[in-house]
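So this first bit is one chain, no partners, the form predicted on its own, shown in structure tokens.
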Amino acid sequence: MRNAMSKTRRTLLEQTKLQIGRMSSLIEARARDVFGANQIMSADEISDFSVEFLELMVALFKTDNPLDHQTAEFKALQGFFSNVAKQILLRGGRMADFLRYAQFLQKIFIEALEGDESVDGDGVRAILLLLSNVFNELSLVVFESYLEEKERTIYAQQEELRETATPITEIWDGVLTLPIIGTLDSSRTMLIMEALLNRIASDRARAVVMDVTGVRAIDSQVSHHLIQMVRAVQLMGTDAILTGIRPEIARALTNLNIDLGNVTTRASLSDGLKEAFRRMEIHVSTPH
């Protein structure tokens, strides 16, 4: 088994060294077609990729067992493919294109053996098996890089959504406004509440006007979440003013027996701000 592996890698090593110029040209030409047209990779990057890839493959074929994933040579090849895949994905390239390109690279090594008459049927099968295993592993690395990049993108989008989902604005020194739009569930309530309480602490807010004009519908759970937020604001020593309760929302709250006795409510955001200013003894006058 060891002798067979030795012969297989030696054949691949010899053919790669013998045809490295032709292989490099083919690799660069295909890369220009796949990545150059869309400017995913520059001409210099394509050239560097070709040289480094072939150098890493030669180093791998020199090891006792090219299929040993723990060798420094195999890890270097994996790391190289992972870095290139991430760069391509970051620049808008498609994973499918890079995977097809990896298949083309494997084909280049297979074609390099076509003129070698010293390789018999068993030798060809052994070489095909070795190349298949190596490139399957490299394809897996590319796919993992794709998943990591997708997860990073999704996380960034979620962070952006968190920021836009809690548009807390300081409308005046010590006065914050929080328009609540859409549906409130437990996770979103905790998110909004955490952001709001942090802003109250950092801005030393004395009043918060929470506008629910954009809340589509209300049930017992949504009502509970609203009351939770109001109570949390009050525990911070800040006045909480609830505005924008439409008639249908008011009827729903009444039918649900929701106690808003200790909650200051006003019809509109404008009225809520006036109430906040009044409590803080802020007088706003219009110019004559």
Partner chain sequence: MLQDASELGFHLTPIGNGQILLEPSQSLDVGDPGTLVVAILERLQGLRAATLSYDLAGLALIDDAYCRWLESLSNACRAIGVRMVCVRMQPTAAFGLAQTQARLPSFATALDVGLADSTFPDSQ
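Positions refer to the first chain, counted from 1. Note that the structure is predicted; figures quoted are calculated from it, not measured.
Not on display, but discussed next: the form predicted in complex with the partner chain.
With a 4.5 Å cutoff on heavy atoms, residue 201 counts as touching the partner chain in the predicted bound form. Contact check for residue 194: a non-hydrogen atom falls within 4.5 Å of the partner chain in the predicted bound form. In the predicted bound form, at least one heavy atom of residue 279 sits within 4.5 Å of a heavy atom of the partner chain.
The partner chain is not drawn, but in the predicted bound form it has a heavy atom within 4.5 Å of residue 235. Contact with the partner chain in the predicted bound form holds for all three of 190, 205 and 231, each having a heavy atom within 4.5 Å. Here is the short version: of 70, 255, 262, 42, the single residue with a heavy atom within 4.5 Å of the partner chain in the predicted bound form is 262.
Stretch 223-231 is the contacting one of 247-255, 53-61, 32-40, 223-231, since its residues have non-hydrogen atoms within 4.5 Å of the partner chain in the predicted bound form.
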